[in-house]
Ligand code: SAH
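Given as structure tokens, the chain that follows is alone and in the form predicted on its own.
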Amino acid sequence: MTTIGKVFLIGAGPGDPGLITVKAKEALAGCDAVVYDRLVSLELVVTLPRRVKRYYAGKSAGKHSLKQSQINELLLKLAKEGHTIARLKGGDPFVFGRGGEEAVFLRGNGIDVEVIPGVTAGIAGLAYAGIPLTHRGKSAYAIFITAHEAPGKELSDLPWELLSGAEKGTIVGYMGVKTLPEVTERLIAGGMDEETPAAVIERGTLGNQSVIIGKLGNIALKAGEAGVKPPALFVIGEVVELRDSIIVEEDKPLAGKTIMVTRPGGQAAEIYHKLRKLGAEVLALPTIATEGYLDNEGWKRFERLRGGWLIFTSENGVKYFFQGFLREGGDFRRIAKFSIASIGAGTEKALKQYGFKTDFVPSKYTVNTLAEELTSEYEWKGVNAVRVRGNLGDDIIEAALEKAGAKVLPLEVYLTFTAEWDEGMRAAFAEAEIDAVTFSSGSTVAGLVEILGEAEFQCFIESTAVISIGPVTSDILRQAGGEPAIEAKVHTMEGVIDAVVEYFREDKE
């Protein structure tokens, strides 16, 4: 008999993935299915373990992936199948998020529901824009309203007489881009002063957030001239005047730029964070995924070795090697009998997490340099060399070591394959105005070609700045018909970030 599952109704915050609560992160970690909305940061989804099933329930203006009734039924179906489900909603599920409808429906069908609140856009969006929701002497209360995209549908439910007479308060409007002219007209007609300070916050809390400041009488015109699109909030009240006294415009080199990261989500969290700190809006769209692999024959051969060299060329190699080593009952004292060679700062960092230092690092972070320098600096005749690798790695190192007389064991510890893009990821790719895409390996290039198809890939890279981690990746990009706008000088993800900054700095000049 199948045990009935549970639904966590989670507020993911309004955009910045850092605004999700600790409790929500803990609930996500224990779920085996996630149903997420359009305004949920993809970082929260793509960094989940591969075992978690993903379902997109996004809505954009005039478009619905699923109707609300279908979302309800999907949640019910998954719960009845015994899943623990994270229902991820933008902002807070009970603030204009229809979370109440979902909770009532599920409870009515005997499903356990736990609500985990989130930071609503009406608070976070204003805070990121430097506008207090309340302020002594200017705003003693706040009113949240929804001015829905369907004109007249919900506007008629609002108490216009009350709103028009609101003084020393703040009005925050959700979902009101198209209806903003009607909102301002009704407020003015009801007696609100045209000179009342007002603002529109577009893409609040995101790296490409924009803020338009005006008065009640002209804010709709200003927003129209600026081409504001959802998601956006409007704010009406004296608190808007405080922005200049609070906000400090930082000179962030990637401000307003949208950077697509193709690295696997489980490895990219730190990269996402660093790009956001530089002002970028990060589009997390992994094009490859990895999983551990146990080569039984290879492990048996490795266990018989009593020394030699361990050669790591990626963070994945380190992670999956030690996962397999410990799973098979390995003893770290055996590793002490081996010298260790590695490529890249990330690989060194991964080794340190297991308590090991590398004995040899090449002058350049490429497999060719590693092979050349290892074979020229050490004697290899009869020496055991374990090349830790994935299924897609080349055999440059193996060939060079064998030629030098080494006894080489190619030990596959993980598999790399093309990532699966769900409907939400494809929608995000189609809707975003992407300024640059980063490729951290040749396989990330090949993965995107497979996901998009050759024609769409060609169209994309012709209109987007491509940032490559190094010469091998650049060569594979050229084979696919592209050309890097810039190649990282240091072949690490930190080097890629530096290259992104350099490219846009030169572009401004």
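Given the structure is predicted, the values throughout are model-derived calculations rather than measurements. Sequential numbering from 1, following the sequence displayed.
From this point on, the text means the form predicted in complex with the ligand, which you will not see here.
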* **Residue (of Val261, Ala121, Ile311, Ala86) lying close to the ligand in the model of the complex, criterion heavy atoms within 4.5 Å** => Ala121
* in the model of the complex, the one of Tyr365, Tyr320, Tyr272, Tyr174 near the ligand [non-hydrogen atom within 4.5 angstroms] -> Tyr174
* Which of these stretches, 291 to 299, 356 to 364, 94 to 102, 129 to 137, has heavy atoms within 4.5 Å of the ligand in the model of the complex? -> 94 to 102
* Heavy atom of Arg203 within 4.5 Å of the ligand in the model of the complex -> yes
* Asked: So in the model of the complex, does Pro231 come within 4.5 Å of the ligand, heavy atom to heavy atom?
  -> yes
* Asked: Within a 4.5 Å heavy atom cut-off, is Ala33 in contact with the ligand in the model of the complex?
  -> no
* **Distance check, Gly346 to the ligand in the model of the complex, heavy atom within 4.5 Å** => no
* Structure fact -> Restricting to 441 to 467, the residues within 4.5 Å of the ligand in the model of the complex through any heavy atom are none
